[in-house]
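One chain comes next, on its own, written as structure tokens: the form predicted on its own.
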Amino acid sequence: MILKGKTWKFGNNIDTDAIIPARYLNTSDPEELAKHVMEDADPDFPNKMQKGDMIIAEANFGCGSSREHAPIALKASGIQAVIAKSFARIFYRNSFNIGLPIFESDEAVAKITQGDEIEVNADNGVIKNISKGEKYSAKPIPPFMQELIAAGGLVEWTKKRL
């Protein structure tokens, strides 16, 4: 699986409330959640980002509560992947459960700047920075996890098996 898009950069400890503020959790409609994605971290983000963009973040992305709304909001907004130094464990699992690819790479996070065009190969973990002509390594997504992403998440993967 190859992903290609423009990047948005965020810092350390972006919690689930910054990803989707709690005041919008009166709905679980993905399209409604997408309208408010990352707005507490960057109020204009929902209007600036475009489908296919990717988020680059420092350490501990997705910390905080265990709500699935955070990766759902990201995916529904059109964010196709998140690259961070590290992820909160429950966010990591929830992301794959709903089919949002995430990658860990200290090197990529250190060198990618906001607005860079990048290409991510999920099979081998190679991240190409097209804007800078550089390559970085991320942990590749295991084949089973790629199956979950391709199916649209754990529920859809399970439905295909029944």
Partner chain sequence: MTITEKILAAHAGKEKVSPGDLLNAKVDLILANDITAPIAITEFGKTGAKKVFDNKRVALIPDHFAPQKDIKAAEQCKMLREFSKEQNLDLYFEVGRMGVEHALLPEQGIVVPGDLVIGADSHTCTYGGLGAFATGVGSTDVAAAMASGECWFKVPESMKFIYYGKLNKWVSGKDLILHTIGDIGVDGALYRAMEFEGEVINSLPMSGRLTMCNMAIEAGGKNGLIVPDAITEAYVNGRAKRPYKFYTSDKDAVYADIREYDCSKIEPTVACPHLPSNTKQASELSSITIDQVVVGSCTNGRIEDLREAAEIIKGKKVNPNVRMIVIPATQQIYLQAVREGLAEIFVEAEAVFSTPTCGPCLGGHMGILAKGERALATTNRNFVGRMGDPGSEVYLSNPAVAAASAIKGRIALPEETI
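Residue numbers count along the first chain shown, from 1. Only the largest set of C-alpha atoms that superpose within 1.5 Å between the two forms is called the rigid core. As the structure is a prediction and not an experimental result, all values here were calculated from the model.
Omitted here: the form predicted in complex with the partner chain. The next part is about that form.
In the predicted complex, no residue of the candidate spot (A34, D123 and Y136) has a heavy atom lying within 4.5 Å of the partner chain. Residues of just one listed stretch (98-106, 47-55, 127-135, 113-121) have heavy atoms within 4.5 Å of the partner chain in the predicted complex: 98-106. Although the partner is absent here, I72 sits close enough that one of its heavy atoms falls within 4.5 Å of the partner chain in the predicted complex. A residue is said to contact a partner when one of its heavy atoms sits within 4.5 Å of a partner heavy atom; I141 fails this definition for the partner chain in the predicted complex, lying far away. Under a 4.5 angstroms non-hydrogen atom cutoff, the partner chain in the predicted complex lacks A150 among its neighbouring residues. By the criterion of a heavy atom within 4.5 Å, A76 is excluded from the residues contacting the partner chain in the predicted complex. Along 130-162, residues F144, M145, L148, L154, V155, W157, T158, K159, R161, L162 each place a heavy atom within 4.5 Å of the partner chain in the predicted complex. The rigid-core alignment places the CA of P21 less than 2 Å apart between this form and the one not shown.
After superposing the rigid core, the C-alpha of Q146 moves by 2 Å or more between this form and the one not shown. With the core held fixed, the Cα of W8 is displaced between this form and the one not shown by less than 2 Å.
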